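As structure tokens, one chain now follows by itself in the form predicted on its own.
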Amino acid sequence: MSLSRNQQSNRERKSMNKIAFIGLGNMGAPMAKNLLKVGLTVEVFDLNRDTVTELASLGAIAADSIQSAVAKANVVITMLPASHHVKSVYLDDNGVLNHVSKGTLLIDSSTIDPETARSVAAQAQVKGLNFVDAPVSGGVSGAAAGTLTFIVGGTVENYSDAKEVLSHMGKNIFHAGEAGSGQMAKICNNMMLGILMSGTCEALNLGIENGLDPKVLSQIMLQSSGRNWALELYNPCPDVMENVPSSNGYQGGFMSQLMAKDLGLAMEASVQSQTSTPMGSLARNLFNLHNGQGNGERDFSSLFEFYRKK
């Protein structure tokens, strides 16, 4: 009896216990640490050698190039800033696709445009590799705690295999559909997040300017129809909620410039599909204005200050 291509891939695939992790930024580093905690062999690479050294001190293998990092891996995970980084890391002559063994599982957790994810997936398939796009939600705190949400795009089989690895770094793992679907779902989620954060900042400021206590107003809205994620877990008004960026000078969390990037990806997708997204467009403009005032590296909830009277 002949085997299907996917069945052959399964026969050829090794156990998923040697992982190459490329991209050790604010999200990637704690994700890799969680893989080390469960005893997996993790070889790491990043242009920031200090981060590589830190992971090595925790038991990771330090790689001096992408090629050496992925050469013996049976799983490759990438967490990169933008689409052009993903294209370079995967598709360049010295990139991942040219230096991994057939049957290797490739997981890209960057947030990029869906078309790039589809392109990398197609080229990986040609080489007998198994690719999923698996962007995350949950922020730096979720990455550290191992409670991230992963939104996966790819075949059912590749999703099932990826889930085994992702479960060491996340709590909720969804299969959104075929390659690129994980990115599309993440873009929709972050467009909604940008919109609701903008509205929450605006509503709180209106109340404050008219004499209301922001703590009291927040509690009222939390028990009313205006309840949302920002009010419940991430209040943008300083000193209303503990252990959130707004009560720490808007440091940490999810940078405002990254929210603007994700809203830009949503607008690109809306143009391609000719979908109306007026609220998303307005949110992107607000964050771009806010970032233009020097707030790009502050948490995105710092948009609250955009509404405050100078």
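Start at 1 with the first residue shown and count on from there. Just so we're clear, the structure is a prediction, and the values are computed from it rather than from any experiment.
Note that the form predicted together with nicotinamide-adenine-dinucleotide isn't included here; everything after this is about it.
Determine whether any heavy atom of residue 24 comes within 4.5 Å of a heavy atom of nicotinamide-adenine-dinucleotide in the predicted bound form, and answer yes or no. Judged by the heavy-atom cut-off of 4.5 Å, residue 24 is in contact with nicotinamide-adenine-dinucleotide in the predicted bound form.
May I ask you to check whether residue 48 falls inside a 4.5 Å heavy atom distance of nicotinamide-adenine-dinucleotide in the predicted bound form? Yes, contact at 4.5 Å.
Mark residue 139 yes when one of its heavy atoms lies within 4.5 Å of a heavy atom of nicotinamide-adenine-dinucleotide in the predicted bound form, and no otherwise. Heavy-atom contact with nicotinamide-adenine-dinucleotide at 4.5 Å: present for residue 139.
4.5 Å heavy atom contact, residue 261 and nicotinamide-adenine-dinucleotide in the predicted bound form: So residue 261 counts as contacting nicotinamide-adenine-dinucleotide.
Whether 81, 89 and 186 all lie within 4.5 angstroms of nicotinamide-adenine-dinucleotide in the predicted bound form by heavy atom: Yes, the whole trio is in contact, each within 4.5 Å by some heavy atom.
May I ask you to choose, among 181, 116, 110, 218, the residue with a heavy atom within 4.5 Å of nicotinamide-adenine-dinucleotide in the predicted bound form? The residue in contact is 110.
Just give me the single entry in 244, 269, 35, 255 that has a non-hydrogen atom within 4.5 angstroms of nicotinamide-adenine-dinucleotide in the predicted bound form. Going through each option in turn, the one that passes is 255.
Interface stretch in the predicted bound form with nicotinamide-adenine-dinucleotide - options 97-105, 157-165, 201-209, 72-80, non-hydrogen atom within 4.5 Å: In short, 72-80.
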